Structures are given as C-alpha cells and as structure tokens.
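Next come structure tokens for two forms of one protein chain, structure 1 first, structure 2 second.
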Structure 1
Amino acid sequence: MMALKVKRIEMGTVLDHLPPGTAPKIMRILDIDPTETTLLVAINVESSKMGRKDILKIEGKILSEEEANKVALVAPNATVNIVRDYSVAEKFQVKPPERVEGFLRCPNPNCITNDEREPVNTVFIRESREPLEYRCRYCERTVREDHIRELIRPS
C-alpha cells in the first residue's frame, strides 16, 4: 500500500471538507501569500463523505472568527481544525453568518455602497441557508451562493 506522508504542523489551521476546486479561492479570500506561507493544498482528492474535496493546511496561521465566516461563504460545510503543539486543539464546522458586514461587495452598481463619494460599508443579511442567499441592507439586491464567491473582498 502506498501512502503519502505529509509532515504534521506545530501550529496552524487545517481546512477540510472544502468543495472541489475552492482551495485557491479560499487562499485568495484569506489573503494567503504562497511564497511566504507554508501550505499544503490538496485539490479534488477522494472523500468518502463528499466524493471529491479540497484540503488546505496552513502552517503558522490560526483563523479568526471573521476569516472562518468568509470561508463559510465559499464552503458552507467546511471543517476547521486548529492545531497547537502538533495536535488538534479545536475542531468546528463553519457556519454562514446571519450578517455579513464589509467584506462582500454589492453587485448593484447604483447601490450607495458603490458610490465613491459615500463611505458606506456593505451589510448583507442572510435570507436563506439552502441555497445560501444574502440581501443587501441598502438596495435590497439579493446575491446567491454561486455569485457570493465573486463578491468577497480579500482580507
């Protein structure tokens, strides 16, 4: 039997159960520079639960709650493993937040949040979890799960 051996990390985060092909997008969302960070990226690997999945192992970075919320917008069923002293210290499943403030861009060009003269932060309220859907507090524009990924601003 062949086995792939990957070194354990002393401290960091492992994101598991990511939909296939989302790892690069999550790296962009979390503003991870692969030239400065030790990463293991597994894309489209076999999964008994999902059929196929991505895994992202980030050494030296513990996700904040805001960052986990961003991951939930792209991968609503992702699992976050926080590693300290080479062991999993915390494990939780991300949950799409009820309210998203500041890191989603409104797709409506006429929304006040897109007016450069008005410094207004975007606010989206979750309308539905299945499918994931948010509504802009200011212009009422609805964004669905398949478009949310394009609207997330990097950290």
Structure 2
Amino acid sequence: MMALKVKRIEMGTVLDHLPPGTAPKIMRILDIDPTETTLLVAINVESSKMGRKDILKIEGKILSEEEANKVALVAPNATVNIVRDYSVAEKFQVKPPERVEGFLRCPNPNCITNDEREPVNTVFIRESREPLEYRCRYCERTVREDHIRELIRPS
C-alpha cells in the first residue's frame, strides 16, 4: 500500500477524524475561500479509528476554538491540531457550540427566517447534547444531529 504523502505545514490548522466526504461541507462552515487559502484536503482515506475519514489542512490560518467548534455540527469526533513552526502546538477535540448563527437554514418553511423580505439571520440554540439537538430561536422547531448536515447553507 502506498503511504499517503501529505506535506507538513509550517503554520496552520489540521482538522482530523472528519467523517468521509464531509471536508467540502466543513470548508463551507468555516467560510474558507479555496481561491485564497492553501489547502490540503484528503477525502475518504483509511483510518484505524474510523475506517474511513477526511482530513483538512489549512495553511496559514489558526482557527480559534470557537470557530473550530462549528465543525462539531457535522463532525462530532473531529480533532483540531494547531500547528506552529512545523509542530503541533495545541490539540483539542471539538465541542458542539451553544449558539449557531447564520449558516444553518431552518427546516420549517413557515419560519420567519425563510421569508426573504425580512432582515433576519437564523439563530439556533443548543437544546441537548445527547442526542445533539438545536432549536430555532424564532419558530422553536428543533433539529437533530442526523438532520443538521442537510441544513447547511451553500456559501
């Protein structure tokens, strides 16, 4: 088997243990513009822990814990490595954020946030962690973990 050869980065963020195929969604969640950022994306690679996984290396950008936690919505087991001077300076597990603003759309067609004439962004508040559940601040509809991926807005 050929080893996956991925260049080490000098400074940046490595997101590991992403469910296979989720890397593009995660780029959207983190609002990463691939025309301006150097990225190394590995999709559907072998993982001893998960069977298959994605890895996303973002060069030159250090994600804050708050930013990185947004990833937990689609990749609850993701680990984040902050790289400085070619070595891992910090490592943590993502936690689902308490409040999610803007990038999820509400699944309720009658929700005021789906009315294009109104100046309003979506806000979802975490309702429970196990199972992961969020509630729309406006219409109060709840969305479960398995549903959240479909609700991510294209950026």
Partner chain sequence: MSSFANRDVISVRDFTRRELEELLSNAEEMERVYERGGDDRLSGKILATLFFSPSTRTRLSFESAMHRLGGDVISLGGKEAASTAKGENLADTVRTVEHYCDVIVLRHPKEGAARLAAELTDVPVINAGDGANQHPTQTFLDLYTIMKEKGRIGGLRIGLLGDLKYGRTVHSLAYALALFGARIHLISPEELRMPSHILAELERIGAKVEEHRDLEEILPDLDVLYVTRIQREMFPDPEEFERVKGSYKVTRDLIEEHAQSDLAILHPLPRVDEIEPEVDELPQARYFDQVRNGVIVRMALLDLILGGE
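Only the largest set of C-alpha atoms that superpose within 1.5 Å between the two forms is called the rigid core. For numbering, take structure 1's sequence and count from 1. Nothing here was measured: the structure is a model prediction, and the numbers come from that model.
K.L.:
Tell me which of the two, 1 or 2, is the form predicted in complex with the partner chain.
P.N.:
That would be structure 2.
K.L.:
Superposing on the rigid core, I want to see if residue 111 changes position between the two structures - specifically a Cα shift of 2 Å or more.
P.N.:
Yes, residue 111 moves 2 Å or more.
K.L.:
Kindly check if the Cα atom of residue 17 is displaced 2 angstroms or more between the two structures relative to the superposed rigid core.
P.N.:
For residue 17, whose C-alpha is compared between the two structures after core superposition, the shift is less than 2 Å.
K.L.:
Angle of the smaller rigid part's turn relative to the larger between the two structures, in °?
P.N.:
That works out to a rotation of 21 degrees.
K.L.:
For residue 137, tell me the Cα shift between the two structures once the rigid core is superposed, in Å to one decimal.
P.N.:
In the core superposition between the two structures, the C-alpha of residue 137 moves 4.3 Å.
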